[in-house]
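What follows is a single chain, given as structure tokens, in the form predicted alone.
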């Protein structure tokens, strides 16, 4: 049977996953983790005035050519105070606090630790002063109307701070996608239940729900359905009716009880591919019905999560307008040899290490259901197909799926 290569499958998914929804406005306090839908520009200069960077005295640098020098203290300005009429004249100084606006006439601030006579009518300057010292000039950080953040960026802690600084509240964000999750199989029981003989807990459902949240979407678990064609069609209909993305796990191989592909077709889903030249994840299904994206993922937990990282996460992010929907791809040297698949790209879990020279250590795994070994990895090594062993030291692409912990 003909298998579709990974890069062609990814292009097909991204082509169908183009942004289909407009922005919505949410309070800044609720925007964390969402994607910015529009560019944001600053409504002010930052800082909005020449700002003192430390406690001390605002002075004319020309008055302190050869310290020590004594100056008359003619005023005081604190943070948040507006002293429009305050001017630093030659031979004078103004006491100033961190964050306060620098008064007219001053071109430097000397920190209090380099002076003596604080709080008295005259202050002695004991250190040289240069023009612009300890002053953050108006608009040094950001000019009014200049871009702060671009559409498609994820709103993290730093982005939240920037949005607050420019008064962006509410925030235009991409509407989070609703993602239906269905686990299939007669052998599957809820994860909180003790499995009986020949039964296994539902691992894919909870794991996919967590992965969906991680990409900023809203999981809608629809439970477990047995290997029954009608029951499968019924739950597919529920998912198509309520969600933007439909995920099913299991039932996508070629066995007598694998009904998912047929049920999707009978439900009006246009299937774009059903078999891929990858390991794990050969039996992966992708289709669409109107604007809804539909994925049938393998039932083995590791296979399901690998195919989620390769296809579902980029699709969701692209649909919401992410600037960079694909996970970072780095190059790293293998720490040990690997034997590739003859005809399929092998996405092997690995651990990244090193800084000057990035290395990747393959994570040993006896089978595609080994969630213990896969949990130790932070990347997927893209092992190209071939008949010959790939030696240690070979540089391969790695897809970063978790932030490496480093050495």
Ligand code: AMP
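Since the model is a prediction, treat every value here as computed from it, not as a measurement. Residue numbers count along the first chain shown, from 1.
One more form of this protein should be noted, the form predicted in complex with ligand AMP, which is absent from this view; the next part is about it.
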Contact test, all of 187, 200 and 298, partner ligand AMP in the predicted bound form, heavy atom 4.5 Å
yes
Please pick out the stretch from 284-292, 105-113, 320-328, 242-250 that is in contact with ligand AMP in the predicted bound form, where contact means heavy atoms within 4.5 Å.
242-250
Can you pick the one in 94, 236, 204, 217 that has a heavy atom within 4.5 Å of ligand AMP in the predicted bound form?
204
Mark residue 228 yes when one of its heavy atoms lies within 4.5 Å of a heavy atom of ligand AMP in the predicted bound form, and no otherwise.
no
Although ligand AMP is absent from this view, report whether residue 126 comes within 4.5 Å of it in the predicted bound form, heavy atoms only.
no
Even though the partner isn't displayed, in the predicted bound form is residue 307 close enough to ligand AMP, meaning a heavy atom within 4.5 Å?
no
My question is simply whether residue 89 lines the interface with ligand AMP in the predicted bound form - judged by any non-hydrogen atom within 4.5 Å.
no
